[in-house]
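Next up: a single chain in structure tokens, the form predicted on its own.
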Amino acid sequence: MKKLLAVLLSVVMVLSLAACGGSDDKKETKALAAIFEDIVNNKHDDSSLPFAADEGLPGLGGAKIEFVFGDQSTPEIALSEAERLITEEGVIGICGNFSSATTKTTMVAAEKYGIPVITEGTSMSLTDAGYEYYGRTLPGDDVFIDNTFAYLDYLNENKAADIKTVCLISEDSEFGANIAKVEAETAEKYGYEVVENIAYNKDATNVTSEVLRAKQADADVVMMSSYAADSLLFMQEFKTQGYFPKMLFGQRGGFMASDFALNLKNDSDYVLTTSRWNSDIDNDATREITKRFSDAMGVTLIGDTLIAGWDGIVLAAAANQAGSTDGDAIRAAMAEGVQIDPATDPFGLEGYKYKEKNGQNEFGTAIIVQYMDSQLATVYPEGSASAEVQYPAKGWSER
């Protein structure tokens, strides 16, 4: 039987639009993959996760799954690794939470060999490309950013927040530039004034001037799109200059990296970010996978790690539903709608139906989270919130 699934991971910190792929995250994703392999391949009467009641995939005669790993540290390496995983490892699908740029080169191999891919790069260019074998479970930049501004409206209407102005700070590669463009357009649509739009190089070692510009702009909200190292650099400089905006809002990336709060501890407090999932979501599958991961790794599971492995479970479910490891049959099952019992789904989605020539799951949703006591708490949408937002943020001297 073919190895069923592959996860592309970076061995260095080259964040995707919404994920990390550093060495720590590689360990965490491998640990999550081991948990999912065990749940699927062995019978677990006490588990609420998919396929726990069987040994292997029943639609494929009890076939066992195996996650194998590759490197996506650059677009060129991602392409060669995708070729290797397909031609040498014999995978029937590729998943993982890697960047839009590396997704694009991976798709060259996937389209060539007819292998389905599910990744979470958020650029709209991925869903606009017309790929035959591409899928994305959770939203792209357009939805995440629209939710951000809808949330500002919610705060103005329900919390008398009086938010009017926005400062954008974005790293200047495809990731940050695309997000800044959509943020500016969405701000205009919602009627918010962008008072400063700052671009910087993600490899910068000094951001004094960028923080000074943001401080002088004195916007109600600072929105940032950053990778891991630069998000920490900005946080350090914010504190050095004694400046913290009333709301600091990240668009995933470094603000969702597993080591953001580990490095900053309570200095991470008050930072908000869009997110795919959080460990405080109230369902049995979330509680189980969070506990299993914490027991294995000693740290709290984050959404960007979970989705990398969960997309593999979606591919396995599609193959099981199709009763085939053929790429066209798996992609057809994805388009038809992958049948995953909502009771076994930590994301709590209504379904998994990936549009043809687009790849976007019609049922993907997003949440907004905030760091409180160096832990992430869901604050929006209201029905999913476990805590009230802390706004305006306290300045450094007040903490």
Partner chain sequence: MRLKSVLASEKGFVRQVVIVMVILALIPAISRGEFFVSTLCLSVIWAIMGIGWNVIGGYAGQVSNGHAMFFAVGAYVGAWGLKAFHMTPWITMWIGAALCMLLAFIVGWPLLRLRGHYFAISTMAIVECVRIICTNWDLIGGATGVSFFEKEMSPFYTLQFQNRVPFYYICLAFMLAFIIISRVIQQSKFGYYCRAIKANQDSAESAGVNSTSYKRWAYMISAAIVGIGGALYAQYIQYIDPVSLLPLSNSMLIVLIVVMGGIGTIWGPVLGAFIMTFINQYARALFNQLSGLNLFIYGVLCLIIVLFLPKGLISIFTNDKVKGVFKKNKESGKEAE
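Owing to the predicted nature of the structure, the values given are computational and were not obtained by experimental measurement. Positions refer to the first chain, counted from 1.
Omitted from view is the form predicted in complex with the partner chain, to which the following refers.
Although the partner is absent here, A101 is a contact residue: one of its heavy atoms lies within 4.5 angstroms of the partner chain in the predicted complex. Contact annotation for R136: none of its heavy atoms lies within 4.5 Å of the partner chain in the predicted complex. Contact check for K246: every heavy atom lies farther than 4.5 Å from the partner chain in the predicted complex. Taking non-hydrogen atoms only, G191 never approaches the partner chain to within 4.5 angstroms in the predicted complex. A heavy atom within 4.5 Å of the partner chain in the predicted complex is found for exactly one of D218, E132, D146, D153: E132.
Among K64, H44, K353, K30, the residue placing a heavy atom within 4.5 Å of the partner chain in the predicted complex is K30. The stretch in contact with the partner chain in the predicted complex, judged by heavy atoms within 4.5 Å, is 195 to 203, chosen from 323 to 331, 195 to 203, 158 to 166, 304 to 312. In the predicted complex, D172, S173, E174, A177, N178 are the residues of 149 to 179 with at least one heavy atom within 4.5 Å of the partner chain, listed from first to last.
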